[in-house]
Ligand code: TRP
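Here we start with a single chain on its own, the form predicted alone, put down as structure tokens.
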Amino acid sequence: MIEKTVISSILTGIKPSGDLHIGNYVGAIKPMLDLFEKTERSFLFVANAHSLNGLPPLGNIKKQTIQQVASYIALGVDPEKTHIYLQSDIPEVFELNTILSAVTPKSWMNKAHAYKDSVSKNIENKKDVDENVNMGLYTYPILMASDILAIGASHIPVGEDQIQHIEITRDIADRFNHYVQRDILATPEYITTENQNTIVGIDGRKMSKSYNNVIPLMTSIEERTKAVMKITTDSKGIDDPKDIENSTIFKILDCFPQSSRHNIEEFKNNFAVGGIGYGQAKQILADTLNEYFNPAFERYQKLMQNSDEIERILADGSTAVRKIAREKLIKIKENIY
């Protein structure tokens, strides 16, 4: 893991794209929180402009923005330490996007994964190669580069599928710096977090909303328990020995700190040799998840009852970030106009 002295600033973007599940927490949110603890300057923005690429129903973006921000704060993001803001509140990012578009070769966009995937699907379905490909999707990497370079963040936490975007960002920064013959834009580093667990869903496949196999994050004890009880199991009885290694229940349980209500090691031993049924095992998993997430859910409910506080946090974050972005943009414009 990169030490705190190496990381000067971290920037993370989140899309307002619906309800979170525990797979989001294990794969992205918890590693992000750990990184935020290891740096002096951290930035978390809601990528609401990026969300327009999918042309969501009007009104959804604002509603889901409030939900996402409340969720992240409830889970541990501290607005006193992390600048939380809306992408759309930083006009300097969009002006920089125009400038960087002028120095970015079209061929780089042709190679971007999101665009290539859309083209491949269209070809597979015998459609026009660019059907349903808007310019927002096509030039997505340039706007992402603008989000990063306007702030001058040194490190960007990403999943494996986002590494290419950081590499494009670095190439754009280098190309701009070469054009003006000065090192104005800092080239960021990407961080792939240590925790690369792919948590399984209730059907044993990767947990994903597209599979409808998730355990929701910000929900009541009853609803979270209900989801756990739907986990697919085999037909072995209570006294039959069971396979811990390939058990969906234990694959999920092992991603979380041990419950204070249960002796997990004793539970595992009894489960393996026989004596514990799937119903009891699911209840122990539900107890563990509820113990871990219910305090955050209670904080989330309080935040959602006071959306004005969320709006204030976003406004304060945007004010602070605009100052940083404005200073960067002034320096850029002094060297190109």
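Sequential numbering from 1, following the sequence displayed. Keep in mind that what you see is a predicted model, and the values were worked out from it rather than measured.
FYI, the form predicted together with the named molecule isn't displayed, but the following is about it.
- In summary, the region of this chain contacting the named molecule in the model of the complex, judged by heavy atoms within 4.5 Å and restricted to 181-189, 220-228, 250-258, 147-155, corresponds to 147-155.
- At a distance threshold of 4.5 angstroms between non-hydrogen atoms, His50 is in contact with the named molecule in the model of the complex.
- Interface residue remark: Lys15 is counted as part of the site for the named molecule in the model of the complex, having a heavy atom within 4.5 Å.
- Taking the partner from elsewhere, Gln162 is found to have a heavy atom lying within 4.5 Å of the named molecule in the model of the complex.
- Phe45 belongs to the set of residues with a heavy atom inside 4.5 Å of the named molecule in the model of the complex.
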